[in-house]
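In structure tokens, the next block holds one chain alone, the form predicted alone.
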Amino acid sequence: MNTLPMENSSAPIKPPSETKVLVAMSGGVDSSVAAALLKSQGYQVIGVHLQLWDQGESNQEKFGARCCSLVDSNDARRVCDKMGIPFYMINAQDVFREKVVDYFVHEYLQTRTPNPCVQCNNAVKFDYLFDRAQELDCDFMATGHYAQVRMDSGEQKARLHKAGDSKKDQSYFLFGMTQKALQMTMMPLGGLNKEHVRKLGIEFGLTQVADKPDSQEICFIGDEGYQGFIEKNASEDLRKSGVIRTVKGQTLGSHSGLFRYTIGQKKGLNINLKEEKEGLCVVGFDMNTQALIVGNESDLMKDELVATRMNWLQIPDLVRPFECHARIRAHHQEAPCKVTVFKNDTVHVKFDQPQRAITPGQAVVFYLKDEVIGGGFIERAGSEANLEALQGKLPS
């Protein structure tokens, strides 16, 4: 079988036959093909499935668009059996609950909109797998992510790049990796497209996963939706009601909790039909009065933000502002901007053109061409993020 060359984080010092690789096995086609590619190239492959959330005796029909089901763990085991490689299933539900689920609930209660996949990749999958790989004496770990890791031999640093298939690129979710973990990571699918990966799944004989649908839903959110999930996991005193008012102060209705809304939302607003037809959308929150602020599309367009909890994969000149491109959510087209860095992992971003619905809680990820140089989490946007107004407030 003819397979494409693999993008490794660095050329292994040992030959593949002596190189042990832990592969994160989700039970889907991507991680299965990643493991098969590595095995076909002679690596010692170990499959590890992290049990992150208990879906119970779920079935593919009900939870086909979510990961972490019994179907997924069984598929991961079958794939490893088919390839004749060791398989381990590790219960990581406690760390997932703490780092992802509790974080998700807390952020929504603070009127921020988290991306649980960003948090899961940064705080659970890679950190946790990195530790497990070391415990199992593995030289590398590998995933089925669509991104590329390249080693800069001159600087002895690993660099994270976009996937060859722009439609499947997942580099946005990986900005929080440490340099040590990045150097130890392989992403065999980085240069492939999804159609090719599915064909490889068939060629490798992995028919049980070759046509399996991609996971698209949040794994821990069931039929109740995220609002219902938060209601079940937060006390009533943290879910305060309030009024809905316009940016000009006109009261239009009431709400039963700010956590039910996110910046840019148009549907589900408890306001009269006439106003809703005029295209009003959520543009902000007033935590002091528990008011939901609505406005027009023009009110969503902002050209500044402040982000914190930065992680730099490639550190630019942080002494003076630098130019790059920034992506403010997973499916946003990154836009040119100027970044000013302050102490305590805080940055100010000024876009060349206003961006729609810059949302606190979402990750902002910075790119130089197709390389991820770092990212952080949006704290504020628009006038609240005006650099001149913040000069005396932000750490210098």
Partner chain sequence: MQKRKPIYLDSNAGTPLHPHAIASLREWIDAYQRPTESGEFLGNPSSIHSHGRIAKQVLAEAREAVASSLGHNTDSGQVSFTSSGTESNQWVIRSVLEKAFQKTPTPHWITTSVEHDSVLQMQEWFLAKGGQLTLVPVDSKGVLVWDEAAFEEALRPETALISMIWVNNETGVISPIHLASRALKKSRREDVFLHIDGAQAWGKIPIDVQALKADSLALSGHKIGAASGVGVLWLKRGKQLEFFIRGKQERGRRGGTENILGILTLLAAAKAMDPKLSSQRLRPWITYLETAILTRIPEAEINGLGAPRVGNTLNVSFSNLRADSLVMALDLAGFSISSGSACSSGTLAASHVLLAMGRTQEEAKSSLRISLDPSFLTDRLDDAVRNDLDLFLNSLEKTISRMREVATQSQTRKHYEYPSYGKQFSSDQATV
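Residue numbers count along the first chain shown, from 1. Please read all numbers here as calculations on a predicted model, not as lab measurements.
Here the subject shifts to the form predicted in complex with its partner chain, a form of this protein not shown in this document.
- [ ] State the residue from P114, G176, G201, G284 whose non-hydrogen atoms include one within 4.5 Å of its partner chain in the model of the complex.
- [x] Contact check passes for G176.
Task: Contacting member of D152, E135, E195, D223, with respect to its partner chain in the model of the complex [4.5 Å, heavy atom] - done: In short, E135.
Open item on the list: Taking its partner chain in the model of the complex, would L109, N122 and Q290 all count as contacting it (heavy atom within 4.5 Å)?
Closed with: Spot residues vs its partner chain: full contact, yes.
Open item on the list: If contact means a heavy atom within 4.5 Å, which one of 26-34, 346-354, 362-370, 41-49 is the stretch that engages its partner chain in the model of the complex?
Closed with: Heavy atoms within 4.5 Å of its partner chain in the model of the complex occur in 41-49.
- [ ] Check whether F322 has any heavy atom within 4.5 Å of a heavy atom of its partner chain in the model of the complex, and answer yes or no.
- [x] Outside the cut-off, so no.
Task: 4.5 Å heavy atom contact, N311 and its partner chain in the model of the complex - done: Yes, N311 sits close enough to its partner chain in the model of the complex that at least one of its heavy atoms falls within 4.5 Å.
Task: Touches its partner chain in the model of the complex: D81 (any heavy atom, 4.5 Å) - done: No, D81 stays farther than 4.5 Å from its partner chain in the model of the complex.
Open item on the list: Using a 4.5 angstroms cut-off on non-hydrogen atoms, would K302 count as touching its partner chain in the model of the complex?
Closed with: Outside the cut-off, so no.
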